[in-house]
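Just one chain follows, in the form predicted on its own, and it is written as structure tokens.
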């Protein structure tokens, strides 16, 4: 177990899991940005899985599954992490308290809905939110939640309930922290290797539910909404916007983080091609945002017949073309 006497410094991040990993590693001496954590974990992805439902609607994801960033960093950078779940809430709370008493800072998976410091209008049943507990003051945990500007607090009861919520992606009290860190990172070797793997996964995944093929599949589904019940069509389009812009960091947000990674990688390697790919990926993020805005404007119209499903399909197909161009250039 790594131990340091230096005080913990909270930092606001773009995404919870990459932000937590960046803070954990940086606190113990491996200074690495959130963008570099996200990029080198190989977490960027797109998935459209009609047979997996979330609130009755198909799963749409813009990154790999929760915990992929933690596991990807372990694999690609040689970081050794301790990850532990618990069969009972009291065991998970006791383990957390023991680690904090030893001066450890601890990453936790939780449910957004039961975290008391979230405003009520921001709470929803998402069970894969990551945060750091860095101390305990009486019955309250001192928490560094990456999506908040400043540190926050939670009672023992509330945090326990958030950590042991049931349902999809139930955290089961997951806690994690670094055990050993590499002395140095060979960025010249690891950056190109991980970038190529990510690009190939997006371009050449054999199944149609992932990668660029999945973006086209979702676009085709949108086009077919013309023949569906209008109420369902509106709900489906609203679900796309929610998954893209409200769940976690969102589709465009992940593209912007990856663009920052490519920019930083280009500087480290002195590679102008990576810097150009960064600019291209930023433009892709902008197109994802434009697509979401088109949907939002469409479903606000009083007459559902005015929704131009064909235009929405073509816009998403243009996003797929632009994103594929980035990966081809990276390869």
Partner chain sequence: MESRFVPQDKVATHNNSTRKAIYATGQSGVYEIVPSSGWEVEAEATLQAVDELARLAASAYAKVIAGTAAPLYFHMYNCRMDFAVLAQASGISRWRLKRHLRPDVFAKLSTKIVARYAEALGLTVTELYQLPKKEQVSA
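All values reported here derive from a predicted model rather than from experimental measurement. Numbering follows the first chain given and starts at 1.
This protein has a second form, the form predicted in complex with the partner chain, left out of what is shown; the following refers to that one.
Segments offered: 39-47, 24-32, 66-74, 53-61. Contacting the partner chain in the predicted bound form at heavy atom distances within 4.5 Å is 53-61. In the predicted bound form, the partner chain sits beyond 4.5 Å of every heavy atom of residue 136. Though the partner is left out of this view, residue 122 does reach within 4.5 Å of the partner chain in the predicted bound form, counting heavy atoms only.
Remark: residue 257 counts among the residues lining the partner chain in the predicted bound form, judged by a heavy atom distance of 4.5 Å or less. Among heavy atoms of residue 187, none comes within 4.5 Å of the partner chain in the predicted bound form. No residue in the set 6, 82 and 141 has a non-hydrogen atom no more than 4.5 Å from the partner chain in the predicted bound form. Taking a 4.5 Å heavy atom cutoff to the partner chain in the predicted bound form, the contacting residues in 261-299 are 263, 278, 282, 286, 289, 292, 293, 296, 299.
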